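As a starting point, one isolated chain is supplied in structure tokens, in the form predicted on its own.
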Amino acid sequence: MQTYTLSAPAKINLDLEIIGDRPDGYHELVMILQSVALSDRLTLRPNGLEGFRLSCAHREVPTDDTNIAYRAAELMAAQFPQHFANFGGVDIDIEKNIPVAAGLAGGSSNGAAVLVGLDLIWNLGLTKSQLRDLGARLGSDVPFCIEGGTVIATGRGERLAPITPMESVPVILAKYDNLAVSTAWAYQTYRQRFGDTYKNFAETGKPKSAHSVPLVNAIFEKDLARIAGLLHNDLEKVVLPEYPRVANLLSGLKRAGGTASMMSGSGPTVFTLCESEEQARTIIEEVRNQIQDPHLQFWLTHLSNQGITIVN
């Protein structure tokens, strides 16, 4: 059986709107999700055993069933027991390049890669739609991580509609390596403070987005200036007041010329879309001078139209 190495890209949110409560306890969302080229690499190697072994050199990445990549393997074994019995388990090694606990869907992307890898190793022949359905059982971001590109996501994030891709645009990602934000805390706090805004959804049962349509038009026209004015993330309302370092970092990027700047997901990563790599490097240098903190890290990458892909 063949060993596969797969690229598992990170994602950012260009729009994140919280519309209302769902019967399943999640929030009804309207988002525009975007893949970036910064990627983890996962190698899946058949081990001839009746189980899975997960390894990662990054000290903050768990290697047990608290890791979504491990849970993805268990899900595939449960869904396809005959194939699991015939082909056996795999060793999964994660080369971690996406920062941990960053709001960039690194864990979800790893889980997505395991679904794709086992589909290949076990010769399942699943369609991308079937893989996305399986991914939705693991987490809201997993279906997008399989799909990749630029999409409108609704529901709790699992319903996807691809739009004109925004690839090759340089993007700065910035994060303090000693700071994490709980996604559950961010959504719960938003519900507590802004739950009264859910009224329209409760009455109609239909999501109503105030930002996504004009942003989609700006993306279609590749108009970065318009995109900058339309980026939106409801979770900034609760995260930025509680985490002043994130708010200060976001302000620093904007002061340095990063007009298309926003927090991604529940944070604490913030990003800036740039006209060129030269502009991006200038912004990074200026922010480093503004905020002289050894824990502040930057990644210069670009937007991508790729989801999970085979490296070899």
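One rule holds for the numbers: they count along the sequence shown, beginning at 1. Values in this document were obtained by computation on a predicted structure and should not be read as measured data.
Only in words, not in the display: the form predicted in complex with a small molecule, which the text now covers.
Engineer: Based on heavy atom distances of 4.5 Å or less, which listed stretch (136-144, 237-245, 76-84, 167-175) is in contact with the small molecule in the model of the complex?
Structural biologist: That would be 136-144.
Engineer: If the cut-off is 4.5 angstroms on heavy atoms, which of these, 156, 96, 226, 128, is the one near the small molecule in the model of the complex?
Structural biologist: Answer to the contact question: 156.
Engineer: Of the residues 287, 29, 273, 36, which one places a heavy atom within 4.5 Å of the small molecule in the model of the complex?
Structural biologist: None of the others qualify; the residue that does is 29.
Engineer: For residue 161, is any heavy atom within 4.5 Å of the small molecule in the model of the complex, or not?
Structural biologist: Outside the cut-off, so no.
Engineer: How about residue 184 - does it come within 4.5 Å of the small molecule in the model of the complex, if we only consider non-hydrogen atoms?
Structural biologist: Yes, contact at 4.5 Å.
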